[in-house]
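One chain is shown next in structure tokens, namely the form predicted on its own.
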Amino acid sequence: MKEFQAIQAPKGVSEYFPPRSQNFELVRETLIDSARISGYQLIELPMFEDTELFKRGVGESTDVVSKEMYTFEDRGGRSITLRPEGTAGVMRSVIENNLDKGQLPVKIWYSGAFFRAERPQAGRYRQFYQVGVEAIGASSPELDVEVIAIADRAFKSLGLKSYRLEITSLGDAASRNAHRKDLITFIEKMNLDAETAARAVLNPLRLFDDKREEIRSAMQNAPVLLDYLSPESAAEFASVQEILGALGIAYTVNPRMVRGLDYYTGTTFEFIHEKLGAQSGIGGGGRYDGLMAELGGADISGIGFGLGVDRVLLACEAEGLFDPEFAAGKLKVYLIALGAQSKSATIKLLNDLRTAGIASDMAYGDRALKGAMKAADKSGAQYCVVLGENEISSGKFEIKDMKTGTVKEVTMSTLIDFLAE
């Protein structure tokens, strides 16, 4: 008989299963809740898009487009790419569905899996998860800070402390043009390989983001964009800093910050966690004036972020924020039926509990009481109820607190109220 080797998940995929998936869900929902309470609404996007969307929207000089995209030809001969980031797809949808013709700014959030063909390592995956927000159709320092505050509030809600916010401004077109001229002059004096030189032609700012030590060292004396801000851009950036201070959101200015995508302008930011090593970024974003127009829409501004659920989870674990009992499960009560006659009543009670919104489960199969109690203990349920023929006929039974071992007598009619309290 032929033996088949077990199939494993593709390399570099972030995969979550119980009990750790409970913590993953908590992180994701906390990030989403911070957006919801700020007036942002869900947008659900395709997992794949026309490849041209990312070439135009993200930028061909980026590693994302030039090296990391999962691109393939479909049966119709079209070039399709699994989404490597969220903003370009959001812009496409806003334009296609005329969302920008209604009330502005359009405030939306999204969540899901994204894909990049990177070398897998801790915190860097080929399939990863993000929660993002976009505020489209208004340009103001107040909106910039609102977006930053959504992320900061979410991190604080999770209990994170060992992170910092770095901000900068990439200015307006006049600022960038003035800076680009001097930066190119500086770069031309560097001894670059052909590939790096080609990237510098497309976007010289990319060299600030180069990880090679020789490039990082050479760029230490390069002119920085903050020194070239127009009066308007400088005033906006000063306002952003003033509002952050008023809200009590600590930050540092990083004049050499370059996000990994080409569409950023104006206010740009990143959250760094000090306990995650090389892959320390847990989220970031910025303003992207001109992106809508580049993709064929109206020439309106926008700002957004993408928060890495995987990395925020790692940051929470690094700070020891999760209660082991929470990771074990969320069950309120576990039911055990003793004997065939009590199964029907137990199943009905289980359904009534679930209908009342009480997380509950039961021991299935014909387990003996000892084995069923072990299952109850492993389930992580807060309480356990054993239902035999006597309990069913009398309508009274004992409910056991699985943590303290204390027992209380309740009735069928009072059980739901007891658990709800």
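We number the residues from 1 along the sequence you see. Just so it is clear, the model here is predicted, and its values are computed rather than measured.
This protein has a second form, the form predicted together with the RNA, left out of what is shown; the following refers to that one.
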query: Selected contact from Leu229, Leu313, Met292, Leu338, since only one has a non-hydrogen atom within 4.5 angstroms of the RNA in the predicted bound form; finding: Leu338
query: Residue (of Asp172, Glu118, Glu319, Asp100) lying close to the RNA in the predicted bound form, criterion heavy atoms within 4.5 Å; finding: Glu118
query: Ala122, heavy atom within 4.5 angstroms of the RNA in the predicted bound form; finding: yes
query: Asp182: touches the RNA in the predicted bound form, heavy atom cutoff 4.5 angstroms; finding: no
query: Non-hydrogen atom contact Ala363 with the RNA in the predicted bound form at 4.5 angstroms; finding: no
query: Close approach of Ile282 to the RNA in the predicted bound form, 4.5 Å, heavy atom; finding: yes
query: Segment that reaches the RNA in the predicted bound form - one of 350-358, 370-378, 40-48, 22-30, heavy atoms within 4.5 Å; finding: 370-378
query: 4.5 Å heavy atom contact with the RNA in the predicted bound form for all of Phe128, Asp210 and Gly308; finding: yes
query: Residues of 384-412 having any heavy atom within 4.5 Å of the RNA in the predicted bound form, listed in sequence order; finding: Val386, Gly388, Glu389, Asn390, Glu391, Glu398, Lys400, Asp401, Met402, Lys403, Gly405
query: Direction of C-alpha distance change in the predicted bound form, Pro120 to Leu202 (at least 3 Å); finding: closer
